[in-house]
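This document opens with one chain alone, in structure tokens, the form predicted alone.
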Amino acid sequence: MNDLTCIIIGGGHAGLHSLKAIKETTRGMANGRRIRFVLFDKQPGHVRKVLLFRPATSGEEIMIPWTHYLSEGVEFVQGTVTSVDSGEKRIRYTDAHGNDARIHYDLLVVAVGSIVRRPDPDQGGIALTDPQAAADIRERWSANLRKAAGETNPEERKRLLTLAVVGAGISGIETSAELALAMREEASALGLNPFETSVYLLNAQERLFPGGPEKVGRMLELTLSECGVTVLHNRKAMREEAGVVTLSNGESLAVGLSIWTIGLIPNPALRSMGLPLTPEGQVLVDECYRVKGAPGVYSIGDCARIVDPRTGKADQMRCGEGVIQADRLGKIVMADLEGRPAPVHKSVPLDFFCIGLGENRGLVWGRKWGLNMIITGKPAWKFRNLAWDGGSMLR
């Protein structure tokens, strides 16, 4: 009897955890047939997307080779999936050499995630979208500090030592904190006064962390201030041109560099795959992550609109949700293969966020039954590191 082929498209958090969950739940067998697992991704390794600020601040490598994740019975294909033929159960893809190819599947998991939203090209600055953009950011602010060390014009020197982060979501908060600390350290190494460096975090909202208590927002802002970050609320960046950021309230800010961290959108690659999508571009799935009208196809993570049927609440585009969905997907796939009722999606039973604010600084907030739980400082930093490593299956 032929093997079953299970293909996972996407080697991010949701894809890796899907592979692990399905492999462990089925133990590589279904109805007496061996399951062959194939992981597809366009990258040569797993990119720790949630740590994109690290190469922007310290040059840290955030790509893990696929060999770390592949085991017996698992193959890897580097390529870009261009379409899914759910009738013939085949996907079409372009391999790493540019060749067009097709492969049959019996089970398919679409977990291509999201990408960082980009500003319009004429708005200037650099969007923190991928490791190359992060490396460019590090090169730009490092070069500015070197120029500042020899600059005699006070205004120009101040501009070179100033940086703006546009967008005050969790990514913007973590990026601004790490950048401020890194700039101070490098300024000291260059013989500059580290407290001359400035990082502005531009927040379009009235306060930080609007999804949680005001107290948490104030605590985040206080810790950012200790790192050297000034938060400007109720201000949108309109554009950066010639070292000047124009703000929505008519003010302007002279900067050496502006970095955009303005949220996520579902991976645009989904639009060519032929799967049913929401107007926002997420895959339409049922309460068991099955793609509507495509037998044997499942989708989880940022790229799928997953709704708790009891509450009507949709999951957010966060690593934690994707990992929990993946664990449940393993049980769903096994149940479907055995022809019995499958588990149904349930939202995470509590509000929970953890935020890194530079080495040994962090904040964890959770709320259950109306009660708030807050952890700060080094314990929160350790918790954040555990979450980062757990998402990439490094522990």
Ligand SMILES: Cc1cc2nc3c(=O)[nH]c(=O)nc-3n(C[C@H](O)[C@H](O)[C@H](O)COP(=O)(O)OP(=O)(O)OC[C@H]3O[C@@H](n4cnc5c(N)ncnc54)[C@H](O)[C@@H]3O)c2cc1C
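Keep in mind the model is a prediction, meaning the values are calculated, not measured. Counting begins at 1, following the sequence as shown.
Unshown form predicted together with the ligand; subsequent notes refer to it.
The candidate spot formed by Gly10, Asp41 and Arg384 is fully in contact with the ligand in the predicted bound form: every one of the three has a heavy atom within 4.5 Å. This chain is drawn without the ligand; in the predicted bound form, the residue among Thr223, Thr162, Ser171, Asn144 with a heavy atom within 4.5 Å of it is Ser171. Contact with the ligand in the predicted bound form, defined as a heavy atom within 4.5 Å, holds for exactly one of Val50, Val364, Ala326, Leu337, namely Val50. With the ligand omitted here, the record of contacts in the predicted bound form names 318 to 326 of 152 to 160, 133 to 141, 318 to 326, 183 to 191, defined by a heavy atom within 4.5 Å. The ligand in the predicted bound form is approached by Thr80, whose closest heavy atom lies within 4.5 angstroms of it. Although the partner is absent here, Gly113 is a contact residue: one of its heavy atoms lies within 4.5 angstroms of the ligand in the predicted bound form. In the predicted bound form, the ligand lies farther than 4.5 Å from every heavy atom of Asn203. Residue contact check for Gln282: none of its heavy atoms lie within 4.5 Å of the ligand in the predicted bound form.
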